[in-house]
Each structure stands twice: as structure tokens, then as C-alpha cells.
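First structure 1, then structure 2: two forms of the same chain, each alone, as C-alpha cells.
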Structure 1
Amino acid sequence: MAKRALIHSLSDVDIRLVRVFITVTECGGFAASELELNIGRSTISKHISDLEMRIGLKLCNRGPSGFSLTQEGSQVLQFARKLLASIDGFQSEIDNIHTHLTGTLRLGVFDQSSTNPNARIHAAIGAFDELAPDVALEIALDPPSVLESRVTDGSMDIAIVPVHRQSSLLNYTPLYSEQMTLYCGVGHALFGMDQEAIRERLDLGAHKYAGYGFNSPNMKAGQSLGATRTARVQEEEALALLVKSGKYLGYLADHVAETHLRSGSVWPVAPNETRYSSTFAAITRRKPEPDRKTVVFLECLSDSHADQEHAISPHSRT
């Protein structure tokens, strides 16, 4: 039976305990969160116990079987994130009052963004630092669906994602494109085969296919090939490993595949037929409107990619 909650009003201590709870869940346990929190496991355990006592609920299971959230813990986690988003939103509103930009900008990106020659995110970060040197940056690496969700719920200010199914709750600012091609690895039946021969026997449904486990242009492209997805990944690095195993077909960004092509570890599969282009866009919430530092960073992103605007076709923006 749940204990009676002792909390009647939030204090700084309560908010600190909530932050510890969120960090522990994101890290996957007490031991894994020690480095992030910079405190010992016993102290972390006491903080979680204190929070459980304050709210009168058991939040997590810990022991030989590992760390896991209880049903109540999962619900509290959602509320906790909303609470911190509200606090951060208040801080952003205060920051907006100041002429001098301060606070923290929370940015989300998809993996392998740094290797795309079309991506000028680093240039935008440099320009932003010149304009707002006292704004701290937090950068998270997550799948597009997670990034969109975090921008929507306010726990992230801005993110850069491949455009797929656009949400009515978000604004999309196209930035750059990325070419994706189907590849196989050494040992695969199609590896090294002449492209004309591949096209003549282009029955991709007969081969194992690895793709992203979330709605994305990658998922749509895989479905259009008639391929059956037998391996799911969240990051492109994992996808590259599966392709290089020689057992799976999979889409890789051309800039990611370039190194593997030079080493002879991957082979393109009918690129003229399988290649597609994906547009990456910066996303921000429609309501409430982004704060000043987010608007300034969005402007830096737009300016840094201005020379690529003509390369993004209207079709690729949908």
C-alpha cells in the first residue's frame, strides 16, 4: 500500500530530488548515474528513498535483478519532466527580459550529423557563441521521434531531424539534405556484383534488411523496396555494423558509407534505383513561442545553411 504523501508544497530540495530521479532513470540505474550526478551510489539511493517518502509512492525496483521503474514510477517520471520543463520555461521567460542572453539552450541532433558535409551545425554553434557567449549548451543525441517529442513537451528547445511526418505542434525550418543509398557488406550474395546484374535480379525481398525502428524516410524507403525488416536499430552506427556483417542490406548516408567504400567493406546495391534524398530541418514548438535564445540560434542555423536552400526541392520538404 502506498504511503501517505508528506509533500504539501515544493521546495528546492524536492526539485533537486526530482532531478536526481530523472537522471537515474535516463542513465538506467544508480551505478550508471554516479558519474553524471557526481555523487556516490549510496547517496543516490538515499535521494530516491527520500523522494519516495515525500510523495508516498514506490518509484523503482532495485536489487540483484537490476533497476526498473514501477508503474507509479513511470507516471511520476512523466509528471517530473513536465515539472522541470515548466521551471525551465519560467527561467526562459526571465531570460527574455534581459537584453543580455543567458540560461541554457537545449539542442537535439540525430547521429552522424557531424560527418555530413552539407550540415553546418558546427558553424551555427560558433556564430551563436559569438552572439550569446553566456548561454550554456546541452546537446542530446536521440532518434527523431524522441527529439520531436521532447521539443513538443518543452524539455528541449530546438532539434534537427529528418523530415518525415510533420507535426502540427511544431515549426519546421529546412536546412540541408542527405543522400541515402542501399548497401551490402563483404560476404553478401550481392557484394561485388555488377550493377546491371543486380538490377536484373532486384528481388530485395529475398534478402534480410536492417532499418530504423521508428517512423522515418528510411522506413518508408525500405517498405517501397518490398524488403522485410529483420533487424531494427536506433542509430546509424548500429546500422553500419549490420551492413558490414555481410548478412543484411541497409540504407547508409553516402557520407557515412564513404569510409567503408574506400576500405572495400560495403557495396552499393542498385544506387540509381534505391537512392533517395532526405531533408533535415530545425524544429521548434509553435506554442508557446520559442524564447529569444532559441530564436537567435535558429537564425544562426538558417544563416549557416542559406547557400543550400536552393538544393532542397519543395517535394523533399514534405
Structure 2
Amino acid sequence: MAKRALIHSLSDVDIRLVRVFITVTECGGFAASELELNIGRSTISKHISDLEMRIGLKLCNRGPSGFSLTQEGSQVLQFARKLLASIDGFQSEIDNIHTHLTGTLRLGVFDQSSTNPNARIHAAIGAFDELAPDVALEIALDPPSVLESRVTDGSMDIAIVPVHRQSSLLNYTPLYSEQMTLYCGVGHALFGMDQEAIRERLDLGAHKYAGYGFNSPNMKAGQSLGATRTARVQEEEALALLVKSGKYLGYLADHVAETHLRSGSVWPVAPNETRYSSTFAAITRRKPEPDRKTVVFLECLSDSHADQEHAISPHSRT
């Protein structure tokens, strides 16, 4: 007993004694606080005397003659109230984390992502801002490979990239797709040719092919057609330029090609045979799990693209 009193450092369980002390004080006695605390009188008695022993002061006079605080008891009561207020403060700060998201969301977007009308990233950002107005957004435009590595190493929370080869370290959430079709421009040998005729002499190796200089479904698609890439570009507009030059074949997103088609400056090359779909997905890292604001943003992205269908196989977990 006396030993523990000497070690006068308030241990964690003693907070409970402090709380009991305050309640008893407010009720003006043990018997009255019994209901309030919902514990037996003997327990209250033990708690109060434990607390007195622990802090080494007599806190209150009690007995049949009534209940009253000692001078020291009044002081301790004051400090105790302050302490409980601090605990409540901690609690409310925790609650705050729950309700108000803060910090910075680092979002990455494929720097050459076309202005696909299916992409509703702006809508997602709008929805996110409603949910988490206190989160600052940081958007970076980079090639898919950079985005993937940055999400993997945690220096970016989430990114939107065309799905190519899925990494086991990332989670992929398909958002929208775009159709890619092979086109040629005015002056090209295949321009204006009947699709039936094109299909018959479809030897793509005989034509120059323009593709992206980075790892993408585009390259894979070109290879599978037997095309030899003779021009590399980094930007979509550059690719369109090459196609329109009449010297190159190249994949254009349907929504990009649309205007060119209307003006008669590009011609599809065996669309049914060459067409492929490029799916854009949000990537987050698998481990450590993304934080709450990232999860919320991911939900915003999903919701904004909910009406769209995706043709992506979910990555199998190890």
C-alpha cells in the first residue's frame, strides 16, 4: 500500500478512479452516485480510497456525518475536470478524423490520356470535394510506368492509367474504356479502299506503323498485327499528325478519330479486325492499404463511371 503511494505516477487505470471521484462529488456522496455510476457502494468506496492512496491526499470527508470535499479535494477536483476535458478533446479530435478528411490526395493521370467523353474524372473530383472539402488535391501528369511506380512506392495515392500488364502490387479498379481503331490518312495506299478489299490484302508489315514510345496496349496491338513500328511518338496529337500525313498507319481512339473521319481526313483500316479496347483503371497500392481519403476518392471515381461496362479481368490475388 504505502509503497504504491510513493510511486506517485498516475497510471492509466487510475483515470477511471478520477472519473468516479468527479461523479461522486457531483452526486454529493457515495450512496447517491451508486445509481449514476451503476456500480456498488463497496466498489466506489474502494475506488475513492485507492485514488486517495495513489495521489497521497485525503480528498473528501465522508461518513454518516455527510460528504464534503477537503481543501485538497477541491483542488484535485478542479484538475480532474480539466483532465477529463482533455480526454474528451482527444475523443473529439478522433471523431474529427472520422468525419472530416484532411491532408493531401496525390492523384496521377496518364499524361496522354485522350479527352475521352467516357472519362468522368472531373465529376469524381467534384463529388470528392463535396465529401472531403478539406483535402487538398495534387494532380500529376505522367506516363503510365511512372504513375505505377509512384503508386507502388507510396509517393502517389492513386492514379488513372490504361491497363496494360497488371502488377501484383496494385489494385485495379476499371473505370472506362476507349475503342482504338487503326486508321490511315489521305494519300495512303489503303485510303478510301473498300474494307473488304483491305481485309483481303491485310499485310500490315508492308506499311509503316506509328505507335507510342512507351509500354502500352497500343504497342502490343501493333505487334499482334505484324506491324513494324517505324515511328514513335509520345503524344496523341503527334500520332494523329503522322496518320493524317498519309504515310503511316496508327491507332486512334474512336472519339478522337470521329472529327477527322467527318472531315474525310482519315480512313479506318479493317476496323473489325484491328480494333481493340483500352481500359483505363484507377490504381492503388495493395499494401499498405490506401488511406481513407484515397478510398473515398476511389469510390467517387467508381460512382462516376458506374454506368460503364469494363472488359478487364480482375487481378488474381496471390
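Each residue is numbered by where it sits in the sequence of structure 1, with counting from 1. Fair warning: this is a prediction, and the values are worked out from it, not measured in the lab. Whichever C-alpha set is largest while still superposing within 1.5 Å between the two forms counts as the rigid core.
Chemist: Is the form predicted alone shown as structure 1 or as structure 2?
Modeler: Only structure 1 fits here, because that chain is the form predicted alone.
Chemist: S74: CA shift of at least 2 Å between structure 1 and structure 2 after core fit?
Modeler: Yes; that C-alpha moves by at least 2 Å between structure 1 and structure 2.
Chemist: Hey, does Q112 budge by 2 Å or more at the Cα between structure 1 and structure 2 once the core is superposed?
Modeler: Yes, shifts by 2 Å or more.
Chemist: After the core is overlaid between structure 1 and structure 2, has the C-alpha of G154 moved by 2 angstroms or more?
Modeler: Yes; that C-alpha moves by at least 2 Å between structure 1 and structure 2.
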